[in-house]
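This document starts with two versions of one protein chain, written out as structure tokens and named structure 1 and structure 2.
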Structure 1
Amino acid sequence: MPLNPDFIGKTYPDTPPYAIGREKLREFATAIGDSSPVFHDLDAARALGYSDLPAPPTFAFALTMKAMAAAMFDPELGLNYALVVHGEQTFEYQRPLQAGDEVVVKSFIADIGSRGRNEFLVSQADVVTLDGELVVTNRSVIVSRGTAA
């Protein structure tokens, strides 16, 4: 069954506010194997010009994953997750995320297209501060194999 193209532009509810903490950033850096002092030591981060510990670049995915799943698992979209493979993931930063930021995620379906027998679902999740400052945009492309009309 093909994806419903009427979903292009559909927005999903914002996530609850998330307060980014130092320990969460340290744990994430450790989990991905990044021992750089900038992600673990406040003095090292400040020596590089950060006001607090910065987040590793892929930390944004931990924030946006749940919001993007709301789109992918929307039953009216028509996506059969058993046929899905990961296509692409990008992060566009306006500034680094860092400890002390409190953010929400705003997500929507940016595009649905096809090439050959495959469909491509592009979702976008914007991480913004409670004051409305855009910090990072996460775009994800997933491929629905063999479902194009």
Structure 2
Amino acid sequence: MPLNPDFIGKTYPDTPPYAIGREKLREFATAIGDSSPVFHDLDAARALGYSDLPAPPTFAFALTMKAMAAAMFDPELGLNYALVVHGEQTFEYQRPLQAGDEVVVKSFIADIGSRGRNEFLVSQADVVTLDGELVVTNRSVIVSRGTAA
């Protein structure tokens, strides 16, 4: 079933505030097999000027994906989650996210289209602190396999 093009440009409400925790970041670093001291050892992080542990560069996606879940599970969009694969992913950083940050995600659907039998959905999500500081911009292309009209 094709995706609903009416969703192009749709913005989503800010996510509830997410408090980034030190142990969550350690868990994430461990899950990706990253033993770099800066992701585990407070002294190593502080020596680089961080006030707490910084996040690995792809951690932001764990936050932005939740923001996009509202869209992905909206029946009006017509996305079949099982047919979805991740097509492209871009991050632009003002600085790393770090433990102690409390952030919201502001997201919108930038584009919906098709290439051959596959459809794609482009979303942008900004990770912003409660003080309004933009930290990471996330742009994702997800592919809906075989659903083009």
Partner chain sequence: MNVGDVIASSSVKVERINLVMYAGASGDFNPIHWNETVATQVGLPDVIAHGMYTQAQLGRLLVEWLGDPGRIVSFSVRFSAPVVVPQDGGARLELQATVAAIDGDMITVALSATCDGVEVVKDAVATVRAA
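Structure 1's sequence is the ruler for residue numbers, which start at 1. Bear in mind the structure is a predicted one, so any value in this text is a computation, not a measurement. In this text, rigid core is short for the largest set of C-alphas that superpose within 1.5 Å between two forms.
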Can you spot the form predicted on its own among structures 1 and 2?
1
Do you see a C-alpha shift of 2 Å or more at Asn80 between structure 1 and structure 2, with the core held fixed?
yes
So with the rigid core superposed, the C-alpha of Ser144 shifts by how many Å between structure 1 and structure 2?
3.6
